[in-house]
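The chain below stands alone, shown as structure tokens; this is the form predicted on its own.
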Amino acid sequence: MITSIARKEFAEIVRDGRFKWTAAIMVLLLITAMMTGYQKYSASIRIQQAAQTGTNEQWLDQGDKNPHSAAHYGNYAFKPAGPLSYFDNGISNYTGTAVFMEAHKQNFAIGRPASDQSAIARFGDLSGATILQLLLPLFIIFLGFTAFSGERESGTLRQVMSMGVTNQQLLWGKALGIGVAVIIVVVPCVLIGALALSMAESIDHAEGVGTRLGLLSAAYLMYAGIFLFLTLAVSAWTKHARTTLMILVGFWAFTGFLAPKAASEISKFTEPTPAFGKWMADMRAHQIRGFDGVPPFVKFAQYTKELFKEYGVTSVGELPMYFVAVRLQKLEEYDYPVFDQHYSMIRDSYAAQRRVQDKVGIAAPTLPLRSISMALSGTDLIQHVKFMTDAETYRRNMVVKMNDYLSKASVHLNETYSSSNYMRADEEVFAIVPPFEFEPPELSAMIDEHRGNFVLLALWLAAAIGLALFAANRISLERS
């Protein structure tokens, strides 16, 4: 019986002009988004690889100079695009794509595509994720809002129920019929996107792409199921199709537009981030007074006395090391805990804001889905933080290697230069610093971080099914 009802519902949907027009628009938008995303993704990979190769060559070809000066000359780290970023841009347009690594300074990422776009362009950024998050629910609503209320108005609902069809059979049959219609439209577009992904460069180096695709599909299927059963619930509850449509479109507008904005404002209020100017001034003042309240020059004076005692000498010239290089490295290290504390403050505040927004997802299913989609696509905050952390680790390693070479090479050459500017290094020395390589966060860590969002989606789906069953069971021949 359920199959017969589903077949009837599907046939009526296909004959309806609404389905033809909305399906055509959905297919066109999805295919356009997938192809555009694939082109942008491929171009991003080529640009990132070319830029990283170019900056690595610049590091080696910077010319003979003092090793510490080479550390000031610095290097760039370019963030590679995630394997599914063509599907969901996430926050990539706002977090920066490159970071400059130099001695004595930890920098923020630069190269934010959104800064070169108008407000309208940022709002209209077309991606597969945007279409599925915003337009797929609307598509489902347009297909299913007359499922019960429309038949009630036309009088056919009484006829169907008088044939001995149970309320639950009617509900599941209509859900199956509408679901098949949605799948017929969406699945071919997704397959085209998967084909484009399989042709993308560097895909073999991505971790768990198949698992990511599977989890993404499961998340979006749950999301579609939520709107499908909510649509059937409201249609079964209301007497008129017009009322059904108004309620559902209102909920769609709330969950797709109002809730994300409200969640963002709530998170900013509850977990505020410091103003950049004040944050920078506080960090600089912290560097001057020292991490633990002892100024760096005082610490270094104490360290010098300890070196004299350790080596049994009374002057810098008697130390078996190039003291200028030692001083440069120690001053660098004194800043490490200061940098870690203040940059962690920024990272932690943004992470706390994201968690607040995820919690608001109890009122809107789009919020947990959005977080899951960005995480699995490799375009979320966790991915960016890992990139920045790897870049800072690389920067510190680069400075250590240059200062260490400066210290040991000077002693080995029996040099007693009073200024480090006299020591020279060439390409062979610069090559001891390996090229920058970014390792994305492990997939298991991403899944653990967003386990709560998967639970939220599952709870939303269970609640939608429960509401649909309750509403369907209230239908009777008298009310119909």
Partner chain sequence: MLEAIQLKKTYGDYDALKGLDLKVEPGDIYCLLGANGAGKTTTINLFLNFINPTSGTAKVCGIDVTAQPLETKKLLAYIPEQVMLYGNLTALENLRYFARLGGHDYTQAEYQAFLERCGLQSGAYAQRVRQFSKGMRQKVGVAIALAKQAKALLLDEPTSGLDPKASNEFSELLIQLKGEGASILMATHDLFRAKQTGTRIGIMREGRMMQELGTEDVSHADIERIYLEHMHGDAGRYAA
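Positions refer to the first chain, counted from 1. All of these numbers come straight from a predicted model, not from anything done at the bench.
The form predicted together with the partner chain exists for this protein as well; it is not shown, and the discussion that follows is about that form.
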item: In the predicted complex, residue 386 touching the partner chain (heavy atom, 4.5 Å); value: no
item: Contact test in the predicted complex: residue 218 vs the partner chain, heavy atoms, 4.5 Å; value: no
item: Any non-hydrogen atom of residue 25 within 4.5 angstroms of the partner chain in the predicted complex; value: no
item: In the predicted complex, residue 473 touching the partner chain (heavy atom, 4.5 Å); value: no
item: Option from 365-373, 150-158, 337-345, 231-239 whose residues, in the predicted complex, bring a heavy atom within 4.5 Å of the partner chain; value: 150-158
item: Selected contact from 325, 170, 103, 178, since only one has a non-hydrogen atom within 4.5 angstroms of the partner chain in the predicted complex; value: 170
item: Among the candidates 315, 393, 166, 211, the residue which, in the predicted complex, approaches the partner chain to within 4.5 Å (heavy atoms); value: 166
item: In the predicted complex, residues of 1-36 near the partner chain [heavy atom within 4.5 Å]; value: 1, 4, 5, 7, 8, 11, 12, 15, 16
